[in-house]
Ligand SMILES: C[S@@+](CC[C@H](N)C(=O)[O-])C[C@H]1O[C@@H](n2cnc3c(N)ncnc32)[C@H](O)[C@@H]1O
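The chain below stands alone and is given as structure tokens, in the form predicted alone.
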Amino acid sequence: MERSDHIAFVVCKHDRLKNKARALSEYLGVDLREEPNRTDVGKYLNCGRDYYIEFKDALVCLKSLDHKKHGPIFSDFSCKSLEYRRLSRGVKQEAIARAVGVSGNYRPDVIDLTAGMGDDAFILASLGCNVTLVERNPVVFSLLENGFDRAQSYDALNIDIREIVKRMRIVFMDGSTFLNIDSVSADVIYLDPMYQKRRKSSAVRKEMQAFHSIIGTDEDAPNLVSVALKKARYRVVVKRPLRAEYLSNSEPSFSIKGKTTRFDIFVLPRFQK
């Protein structure tokens, strides 16, 4: 899905970000405003446009027109949840680290075809992997790009985060299009496709609720796996809900299970390590 039908408008309150805000509003085909203008909220909510993008100071965030729904959503590589994953348990214990094959001194180059907010890619980069993040949704990419921009200007207190982000690069492109570029290759290709909502929406994080609205599901995920299997040098890793069926009914070489998610790993025999 290249355009989001759930975005009402774009708000920009900072001259430095005006060009990016204007480019996003033109891409989405929505108004660029200086203020949210709450008087026409009902009109947008009635036609299903329940979010807007705000460019404010140095921050770009996704906001709900229904302010009671949830707070602003933005990319933040210094957030407490990522800090906990990176420091509290030791990142090498992360299931994703084992899934992509991190071991000893081996740090694979990884392509994350469904980057989202970049959390998993950040964890891999904190291990020393070079990660290319591919994101095709313009709204999500704008949030991700802003997270990168802010991380690169962090002060000395967050210099470790700044160094981790240097091992990451972001690309605004459809995943299959990116993989079809002749020069593109990686040791590992990673996918975390958007899947159907759970029945109890209260159990879904606010980010996931919003992303389900503006992105929908990744219906082309089975095709992405097929293309990835032809391009990866070492393995393809697919993140799935714990009890979900195998994507495209293709049985992986093995799986690593967590409490709520599962990593299905397709090892390519010609490049087994």
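Each residue number is its position in the shown sequence, starting from 1. Note that the coordinates shown come from a computational prediction; the quantities given were computed from them, not determined experimentally.
There is also a form predicted together with this ligand; it is not shown, and the following applies to it.
Highlighted residues Asp120, Gly175 and Met194: every one comes within 4.5 Å of this ligand in the predicted complex, counting any heavy atom. Listed residues Leu59, Leu224, Ala210, Val30 were compared with this ligand in the predicted complex; Leu224 is the one with a heavy atom within 4.5 Å. With the partner omitted here, the residue from Ile111, Val100, Val140, Val165 that has a non-hydrogen atom within 4.5 angstroms of this ligand in the predicted complex is Val140. Here the chain stands by itself, but in the predicted complex one stretch of 145 to 153, 128 to 136, 103 to 111, 179 to 187, 128 to 136, has heavy atoms within 4.5 Å of this ligand. Taking non-hydrogen atoms only, Ala232 never approaches this ligand to within 4.5 angstroms in the predicted complex. In the predicted complex, Ile215 approaches this ligand with a heavy atom inside 4.5 Å. Although the partner is absent here, Ala115 is a contact residue: one of its heavy atoms lies within 4.5 angstroms of this ligand in the predicted complex.
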